[in-house]
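The chain below stands alone and is given as C-alpha cells, in the form predicted on its own.
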Amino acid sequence: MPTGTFVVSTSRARQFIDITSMVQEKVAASTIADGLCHLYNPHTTAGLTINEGADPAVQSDILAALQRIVPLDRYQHLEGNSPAHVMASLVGSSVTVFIENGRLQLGTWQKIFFCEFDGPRSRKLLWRIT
C-alpha cells in the first residue's frame, strides 16, 4: 500500500493551491492501477477540497464567501487565528478520489486544492493509495 507525504508551501494568508499534478504523480508512481487515493491534511488552520480548477475566479469566490461567512474578529482564542480554524472546519481535512487505469477520476473541471487559511506557511500532507 503506497503511502507518503509531500510539502505544500503557501505565500499568502489565505489561498488555494492546486495540488492535482502532485497527487497524480504519486498515483502514477504507485503499482495500483485501480483503487482509491486518500489525502489527509494534519493542520487545524488549513483544508483540502475538490472544486473547479479551470477558472481561478472560482477559488477567489470561495475564499471571499468564506470571509463573509466567518468574521475576522470577536473570538476568544488568544492566538488570533480562530477564523482560520473555523474555515478549515467548514472545508474539511481530507479528500478521497477514485483511481482507474492509473489516473485520478476527477470530473472535467475538477482539481484538488490545498486551502491555506493561516499562511504563509510550509505544510505537510499525507497520502495513501489503496
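So that there is no doubt, residue numbering starts at 1 and follows the sequence shown. Note that the coordinates shown come from a computational prediction; the quantities given were computed from them, not determined experimentally.
Here the subject shifts to the form predicted together with a further copy of the same chain, a form of this protein not shown in this document.
Enquirer: Any chance S82 has a heavy atom within 4.5 Å of a further copy of the same chain in the predicted complex?
Expert: The answer is yes: S82 has a heavy atom within 4.5 Å of a further copy of the same chain.
Enquirer: Under a 4.5 Å heavy atom criterion, is Q110 part of the interface with a further copy of the same chain in the predicted complex?
Expert: Although a further copy of the same chain is absent here, Q110 would touch it in the predicted complex, with heavy atoms inside 4.5 Å.
Enquirer: Can any non-hydrogen atom of A29 be found within 4.5 angstroms of a further copy of the same chain in the predicted complex?
Expert: A29 lies outside the contact set for a further copy of the same chain.
Enquirer: Would you classify M1 as touching a further copy of the same chain in the predicted complex, given a 4.5 Å non-hydrogen atom cut-off?
Expert: Contact with a further copy of the same chain, yes.
Enquirer: Taking heavy atoms and a 4.5 Å limit, what residues of 79 to 95 are near a further copy of the same chain in the predicted complex?
Expert: Heavy-atom contacts to a further copy of the same chain in the predicted complex: E79, S82, H85, V86, A88, S89, L90, V91, S93, S94.
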